[in-house]
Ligand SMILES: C[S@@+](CC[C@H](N)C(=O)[O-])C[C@H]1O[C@@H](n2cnc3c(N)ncnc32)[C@H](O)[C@@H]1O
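Just one chain follows, in the form predicted alone, and it is written as structure tokens.
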């Protein structure tokens, strides 16, 4: 582990930079991206084996067959249903529909295809304001207009609720939320031991109803840190002798 993100990686888009850093440091081979859109991240990820999932790719998928790349046009639920139950993935990037419910389903489906050193990167886990945190994109845009808050078009949805769920109900996983140097994202990996953390809400329904202001009141739960610190904390947990 070199402990820093080199200049070449620093020039890349934040998602590409973070994912390629993990690939380089951990020697990850297989990569799944849910929510590919224009392929900006997917096409620059340096994994040997890549899977792209999106209901509507906004770019022309390669016509020439490539045994190291697979493109699935459809819902992520259908993709996971079709995936070989024995298939294990090294890195999974969840950047699909920006809703708690769908992202949680993607997270649950991912858990069936990871091993002890797999890493899950979840996008959009820290909304920028109350409008950004509205789960419906059209309503988010409409509320901004009504309230004369058109200074940004940011829309993160309510994916942040998944971090609270992981905190309360998945103690076997460690995580950290990256803020700065690009869009906020939460990195999740298996702990070598169960972290001593007590549930905050301990209720699925309460978590599903959390508001942006509940998030701000409990912001420490996201474990926010810099990009380098979160990435290196994750990588360090896989080093021999680290407990």
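Numbering follows the first chain given and starts at 1. All figures in this text were calculated on a predicted structure; none of them were measured in a lab.
What comes next is about the form predicted together with this ligand, which does not appear here.
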Answer among 89-97, 114-122, 164-172, 138-146 for heavy atoms within 4.5 Å of this ligand in the predicted complex: the stretch 89-97
Have a look at 179, 40, 197, 192 for me and say which one sits with a heavy atom within 4.5 Å of this ligand in the predicted complex.
40
Contact label in the predicted complex: residue 110 to this ligand, heavy atom within 4.5 Å:
no
Find out whether any non-hydrogen atom of residue 187 is located within 4.5 angstroms of this ligand in the predicted complex, and reply yes or no.
no
Residue 53: touches this ligand in the predicted complex, heavy atom cutoff 4.5 angstroms
yes
May I ask you to state whether residue 154 is within 4.5 Å of this ligand in the predicted complex, using heavy atom distances?
no
